[in-house]
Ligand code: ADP
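Given as structure tokens, the chain that follows is alone and in the form predicted on its own.
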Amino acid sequence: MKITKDYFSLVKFKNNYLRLFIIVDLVNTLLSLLIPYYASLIIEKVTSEFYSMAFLFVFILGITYLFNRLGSYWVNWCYANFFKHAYVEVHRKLVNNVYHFDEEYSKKMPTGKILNSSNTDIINIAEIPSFIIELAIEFIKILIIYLVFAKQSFLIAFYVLIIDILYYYYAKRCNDKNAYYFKKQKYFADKLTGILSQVLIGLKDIKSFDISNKLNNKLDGYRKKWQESYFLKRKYYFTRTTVVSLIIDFGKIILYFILIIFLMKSQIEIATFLLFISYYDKTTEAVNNIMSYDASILEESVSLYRINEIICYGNSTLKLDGKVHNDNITGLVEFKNVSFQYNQTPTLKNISFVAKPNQITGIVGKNGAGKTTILNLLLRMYKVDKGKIFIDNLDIYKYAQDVYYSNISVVNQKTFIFNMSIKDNLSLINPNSKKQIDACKRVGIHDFIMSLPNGYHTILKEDAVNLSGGQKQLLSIARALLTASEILLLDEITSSLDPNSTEHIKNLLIDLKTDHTIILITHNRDLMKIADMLIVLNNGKIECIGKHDDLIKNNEVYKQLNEIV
């Protein structure tokens, strides 16, 4: 019942196919109970030499088989139509929650788990409603068979019940162990997938440092643990289907002895003998089906709760969506007495500054000084502990999400470009072709794009490896311009660029500040020189504020930074 509730909390999609599946499956299961009944009637009529009636029941049995098979086809057709829609809903819900992850997700939510859950886990939960419904129907079926037994012989009914309970008890223990080791198997599979995804990203470093053997040693450790978990899972599965099933087999042998004695004493007829054996097979088949469905439900519930963990993590991260829809923003940014700590460690300590429109505001300092935290707070990834952050004199947390993120854009040190065409990458922001070309012309990458064989329709490889570092940054800036944002946040965008690319970026920033507020984190001396204002951070505090020429003369911390760069 808990798994059912949790499944439908996740999969809120319900339609007539699922309702139809339940009705048809129940009717079809009840219809299957008539098969041994008609078979016993055929035997009875043949032994009594009522051949015309025997032929009639053979015909009825044939019709029953036909409708039973057609019913089975309809059952599967209905369920397939239900789940094809449910899969899409769950996948959409999972990915939408991933969009809300904060920057610390990898510490709590391994990448391998997310990747595996987005595909195999969603497929694994496909049959949960089917198995639960089938399990419930098997219980109904077995109760009906017990009533048939009890009507004929209470002693036989009680005997069969004891056999089924014994089998259920030991089979259930195997199922629980099977599910436990399946969960461990999934855990180690996540580790393997996570490391492989990192290997694909870091292939160059792996080759240059020649560390593939050491990585393989680490992978071998997880492979071995996966092997152990898999074997133990399978061990409990085949223990249930072989050793524990001997309870059913020997139960049938004993039942044969009992029924033969009844037959010898003329207490039952041959047709009843056959009916008892047939219904014993039906009860044991039903109990075995119940345990098979139970094992499958427990296994699939592992995937269900893995998906729920990801979704719950996405729901638990900070979601800030105010109610102000004013889109007439000029781009005046102000930090007022802002303090923030991460994991009990103070990161920013009572900082205040103003970044004005049509200016470049540079934020500089040693690693760990709190520079990136300022950008993260502006992106509303965290909420300040003390103080206020304003844009155009309004608290940033009061802006509606659509308005806020249409007015503030970020270009990171390691920009990400999707494995699709240049045009498709830009169309994710704005599909207008003219605006795309204008943005690319402004940043100075249009001519390069047009020199490519397919121009804007050129497919970029993963991580855009067919572009240089400078070209990726320019494309990323063009993408940011397509948002029509008033505020541009730039995080170390020249850190891995050659001098020519850096010079181009410098000139571009001078142009962009004419209609943007630019807040720039940098260690590059040339970019520091063009900043209209520099904020020097030291251990989470503002050391000084001013222009490059003044600070280089008057501030020792800033002098040291320039010596480092």
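On a predicted model such as this, the values are computed, not experimentally measured, just so you know. A residue's number is simply how far along the shown sequence it sits, counting from 1.
The form predicted in complex with the named molecule is left out here; the points below concern that form.
Put simply, residue 369 is close to the named molecule in the model of the complex: some heavy atom of it is within 4.5 Å. At the 4.5 Å threshold, heavy atoms of residue 101 stay clear of the named molecule in the model of the complex, well away from it. Residue contact with the named molecule in the model of the complex: residue 168 places no heavy atom within 4.5 Å of it. In the model of the complex, no heavy atom of residue 230 sits within 4.5 Å of the named molecule.
With the partner omitted here, the stretch from 157 to 165, 194 to 202, 90 to 98, 370 to 378 that lies within 4.5 Å of the named molecule by heavy atoms in the model of the complex is 370 to 378. Interface residue among 130, 347, 124, 288 relative to the named molecule in the model of the complex, by the heavy atom within 4.5 Å criterion: 347. Think of it this way: in the model of the complex, the named molecule has a heavy atom of just one of 382, 280, 404, 83 within 4.5 Å, and the residue is 382. In the model of the complex, the residues of 333 to 365 lying within 4.5 Å of the named molecule by at least one heavy atom are, in order, 342, 343, 347.
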